[in-house]
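Listed next as structure tokens is one chain, alone, in the form predicted alone.
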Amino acid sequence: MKAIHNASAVALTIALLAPNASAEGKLSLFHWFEYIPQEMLDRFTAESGIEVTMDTYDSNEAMLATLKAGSMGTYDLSFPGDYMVQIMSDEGMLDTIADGELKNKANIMPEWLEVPYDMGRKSSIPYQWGTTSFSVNRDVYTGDISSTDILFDPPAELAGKINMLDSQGEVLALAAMHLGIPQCTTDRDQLKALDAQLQTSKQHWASFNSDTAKEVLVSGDAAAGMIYNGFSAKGRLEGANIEYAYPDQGVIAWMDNAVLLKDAPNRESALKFMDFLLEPKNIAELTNWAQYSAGVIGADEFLTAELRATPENNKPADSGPAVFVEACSQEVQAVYDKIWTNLKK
């Protein structure tokens, strides 16, 4: 996801709740905003005696920038998206989990075990997965939303009322899908077309914001917006008359992962928390709260009927593909960074 900006550092210190528990250690998380219920962290503390602190970020790029700016050795676990795991691994930022260190590793679904960004899960475990697309306020616009034109060439009812995620990788990937060009293209004409499309579309956008992507739709400050499927489901459940789109051009697919950071100060605590997340009932609790999907065997039996039925989690068979963001070469990434910087001016 993208531009380098300051991560929000909301330090949440969780006190021991169990009166008979004694502190056995500490755990420091670097985590996405609004993505885990406090009750779940409290329960981990009560069961393990491990005190948890958590700082948050709102994009993969913000997380990476913070860690590279001197925070390695501060946090034990972070929760990057699929392509960012590859980037962090290539830069030597991840520790290796030895065979046998995770007693619940066998609970990982086979399709999420041999993943190209961490084959065999040597440094990570699956956390949550979902899609990124856009939602539209149906009180404002009742027309067809089966095209990414809604974001990049919107109808008059939505022009100037669109929020985009502050997420470089996803915005540029979705724009490439809109144009029908490959991600990470090295074709100069295609890169120029991508830049031109984004600069033209920018005039229709009201804001770039990830951490309030749901709130602006619920409040009516935005009539349409790029959003994660779970955020859209939560917004709808909060009363917003919004509809999540699965456009013909496709949507972004993603898998967030818990990764063991190199030089983690509380490595044993981190492994205990990873095992905690690989318990089917625990990860299902998170999934029911976050409104996404899990990658753990046995979690499905603990999911609510409401989550199973939510339209945001049921991709229509006739919609476009779900495509992961690609990790580009350094040469292409430098061009993408320049496009994004110019877009955010």
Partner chain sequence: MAGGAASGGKAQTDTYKEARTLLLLPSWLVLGFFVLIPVFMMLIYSFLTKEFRGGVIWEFSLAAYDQFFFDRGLFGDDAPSIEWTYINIFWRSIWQAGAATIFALLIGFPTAYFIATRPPNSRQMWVFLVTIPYWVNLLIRTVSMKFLLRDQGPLNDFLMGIGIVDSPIHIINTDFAVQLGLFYSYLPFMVLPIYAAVERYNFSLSEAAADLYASKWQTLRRVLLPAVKPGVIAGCILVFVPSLGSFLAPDLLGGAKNFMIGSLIEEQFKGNAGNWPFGAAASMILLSLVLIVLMLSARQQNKGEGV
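Note that the coordinates shown come from a computational prediction; the quantities given were computed from them, not determined experimentally. Positions refer to the first chain, counted from 1.
Omitted here: the form predicted together with the partner chain. The next part is about that form.
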Has each of Glu61, Ile87 and Gln168 got a heavy atom lying within 4.5 angstroms of the partner chain in the predicted bound form?
-> yes
Report the residue, out of Ser207, Ser146, Gln197, Asn104, that has at least one non-hydrogen atom within 4.5 angstroms of the partner chain in the predicted bound form.
-> Ser207
Could you spot which one of Asp221, Asp95, Asp248, Glu243 gets a heavy atom to within 4.5 Å of the partner chain in the predicted bound form?
-> Asp221
Within 4.5 Å of the partner chain in the predicted bound form by heavy atoms, the stretch out of 116-124, 149-157, 249-257, 189-197 is 189-197
Can Glu215 be called a contact residue for the partner chain in the predicted bound form at 4.5 Å between heavy atoms?
-> yes
Quick one: is Arg138 in contact with the partner chain in the predicted bound form, heavy atoms, 4.5 Å cut-off?
-> no
May I ask you to check whether Asp263 falls inside a 4.5 Å heavy atom distance of the partner chain in the predicted bound form?
-> no
The partner chain contact at Glu111 in the predicted bound form, heavy atom, 4.5 Å | no
Stretch 313-345 - residues with a heavy atom within 4.5 Å of the partner chain in the predicted bound form = Ala327, Cys328, Ser329, Gln330, Gln333, Val335, Asp337, Lys338, Ile339, Trp340, Thr341, Asn342, Leu343, Lys344, Lys345
